[in-house]
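Take a look at this single chain, the form predicted on its own, given in structure tokens.
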């Protein structure tokens, strides 16, 4: 396997609400020989909230992140699908519009920075499936998860907008299923794997968001899934943290554990549930861990 080095951008959620996603990613990356280099000057990407409110600021904030990675000579790896979408969209715009790139560099220049447009943005799923590669990942599996039926949940921002992301088919993706099978588990096919978990609706209409979350979980459970796995910490917040509220909303016990991607990989690599931070989950995966 070629040497893999990335400028690591965990995102805000994975440094606060879902710190186990950040912690386990670092552990698994080290075990796989992936070097994650800190970005000490990196700022928030804006989480998509600035895109329509102040487009030039949104572009400048993200270009500032890219400029740091470019100085480091590395592509960016993130474990937040929202950060992935926001940064990838900004990068697309900067690459496709030389005038925008020039104006943005005038802003960056005031801070002694410059961006040439040469940085790639990836998420952990893509790194595992393509850069590490499924064959190499399979060699690292020492405890195949062959007793588990796992429902993949991509999250909207891992797939769309496809012209900015472009790694997988936005309607018929295959990468997460491929990783699940490489870990020895069975991948469960169900209708909601590419749909919204409800997170974007939470602050607008809580009731609708809870119904959406319940629907995604029930779809997977009714197809026989023992658990879910997602590469998105915001999806994990909805599917795990808010599962109890969703159960009350639909008057049905669901009880589907939800894993961060790094946690499932780590378990298959022989790392312990404690190392993978599973005690932080609100829906305990204890009954399905061997």
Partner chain sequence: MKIRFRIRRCSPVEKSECEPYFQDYDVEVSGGMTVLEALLKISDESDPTLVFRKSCRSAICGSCAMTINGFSRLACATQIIPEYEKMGAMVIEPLKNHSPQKDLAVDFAPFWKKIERVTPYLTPAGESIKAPVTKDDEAAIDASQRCIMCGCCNSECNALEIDPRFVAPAALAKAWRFVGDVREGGAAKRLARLSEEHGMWDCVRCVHCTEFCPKHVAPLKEIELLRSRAMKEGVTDNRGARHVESMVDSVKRVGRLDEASMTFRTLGFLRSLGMIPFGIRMEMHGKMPFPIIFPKIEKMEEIKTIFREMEEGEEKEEKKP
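Note that the structure is a prediction, hence the values are computed from the model and not measured. Residue numbers count along the first chain shown, from 1.
Keep in mind that the form predicted together with its partner chain is not shown, yet the notes after this line are about it.
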query: 189, 136, 130, 211 - the one with a heavy atom within 4.5 Å of its partner chain in the predicted bound form; finding: 211
query: Contact stretch among 103-111, 116-124, 142-150, 175-183 - heavy atom within 4.5 Å of its partner chain in the predicted bound form; finding: 103-111
query: Exercise: residue 97 in contact with its partner chain in the predicted bound form, heavy atom 4.5 Å; finding: no
query: Residue 276: touches its partner chain in the predicted bound form, heavy atom cutoff 4.5 angstroms; finding: no
query: Contact of residue 264 with its partner chain in the predicted bound form (heavy atom, 4.5 Å); finding: no
query: Distance check, residue 26 to its partner chain in the predicted bound form, heavy atom within 4.5 Å; finding: no
query: Within 4.5 Å of its partner chain in the predicted bound form: residues from 270-289 (heavy atom criterion); finding: 279, 280, 281, 282
